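Encoded as structure tokens, the following chain is the form predicted on its own, with no partner shown.
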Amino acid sequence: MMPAGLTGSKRTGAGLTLGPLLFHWPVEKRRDFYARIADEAPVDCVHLGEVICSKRAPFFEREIPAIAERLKKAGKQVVLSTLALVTTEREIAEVRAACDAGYLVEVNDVSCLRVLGGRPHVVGPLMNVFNEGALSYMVRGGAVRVVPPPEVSAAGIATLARAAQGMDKGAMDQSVEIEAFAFGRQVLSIAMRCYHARSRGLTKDTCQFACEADPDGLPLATIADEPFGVVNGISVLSHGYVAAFAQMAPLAAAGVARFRLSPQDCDMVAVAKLARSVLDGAREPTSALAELRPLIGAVPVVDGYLRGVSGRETIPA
């Protein structure tokens, strides 16, 4: 059942965003991935940049200008995502370089706000925007797009979307958009310690880039041997993939302007086409879910947080 107040027509004008790649893929795989996204995926916006670990950034940063140009030629907006945890002067310099690169920037750590100095930016899902007060604060600071954290329910996202539509941005001639997380593993925590390195008896400083061995995360289990989540460097992500197909049209009717797909180690072009068909009213959510399951193998699909219950609650087959 959908939360009260979330009803609307099927066809929407909402856009699709491909969020930042959270995993440490080889350069060749990343290059091929974004080339295919540029040529085939029905997404309107693509995020580039390292979010999880600054040690990974040098592997791909020299490729970003060419990839960004190819995406722009394909008619897609490019956004540079920044680190979720900024702790060193070098990382601050990387944030500053992203802010000065000429693209819209996504903020994932509050330190980035000071570097931006009020310039237009995106507030990512790792920032705590849970209510209208926090949303208003971010908008006054220059936010033009806000992605609520994964724990926010569909009803809460709709409330933020309605609030965003009525906000006065003062001298800035652009309204604020709400973007809802719609597919992929949710980031549940960020920590100083690198869990991936520790799982192999290494430290964060001597990690040997252990995370590259797990392109979709290192599975975690409870002491009862029940799947719990996945480790990805300094982050812990959900075990299941969120699939918000059932919530898309109602949320779009409530004012949500965009829906985010998070890159996973599966056919993301096919996932994007399914999401677009649901938004366009060309396919029912249940039909899209049925086609999604073979694409993601044994990974469960979940939407618990959106329904206001435990986040790991699966969508019935």
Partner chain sequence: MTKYLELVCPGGTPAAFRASVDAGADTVYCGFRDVTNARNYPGLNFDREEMAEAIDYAHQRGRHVLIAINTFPRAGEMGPWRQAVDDAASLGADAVILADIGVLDYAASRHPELRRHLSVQAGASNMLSLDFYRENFGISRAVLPRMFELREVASLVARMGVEAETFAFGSFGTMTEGRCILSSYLCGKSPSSDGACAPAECVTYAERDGEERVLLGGMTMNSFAPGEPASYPTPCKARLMVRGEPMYIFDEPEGLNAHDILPRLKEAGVTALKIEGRQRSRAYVTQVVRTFRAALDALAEGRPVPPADLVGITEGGKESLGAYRKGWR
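Residue numbers count along the first chain shown, from 1. What you see is a predicted model, and the numbers here were worked out from it, not measured in a lab.
Another form, the form predicted together with the partner chain, is not on view; read the next lines as being about it.
Contact with the partner chain in the predicted bound form, defined as a heavy atom within 4.5 Å, holds for exactly one of Leu104, Val144, Leu220, Ala246, namely Leu220.
Out of the listed residues Ser175, Gln77, Thr203, Gln208, Thr203 is the one that sits within 4.5 Å of the partner chain in the predicted bound form by at least one heavy atom. Within this chain, Asn108 lines the site of the partner chain in the predicted bound form, having a heavy atom no more than 4.5 Å away.
The partner chain is not drawn, but in the predicted bound form it has a heavy atom within 4.5 Å of Ala191. Looking at Pro227, you'd find a heavy atom of it within 4.5 angstroms of the partner chain in the predicted bound form. For the chain shown alone, Gly133 is a contact residue for the partner chain in the predicted bound form, at least one non-hydrogen atom being within 4.5 angstroms. Taken together, Leu21, Gly49 and Pro294 are entirely out of contact with the partner chain in the predicted bound form: none brings a heavy atom within 4.5 Å. Scanning 256 to 290 for heavy atoms within 4.5 Å of the partner chain in the predicted bound form gives no residues at all.
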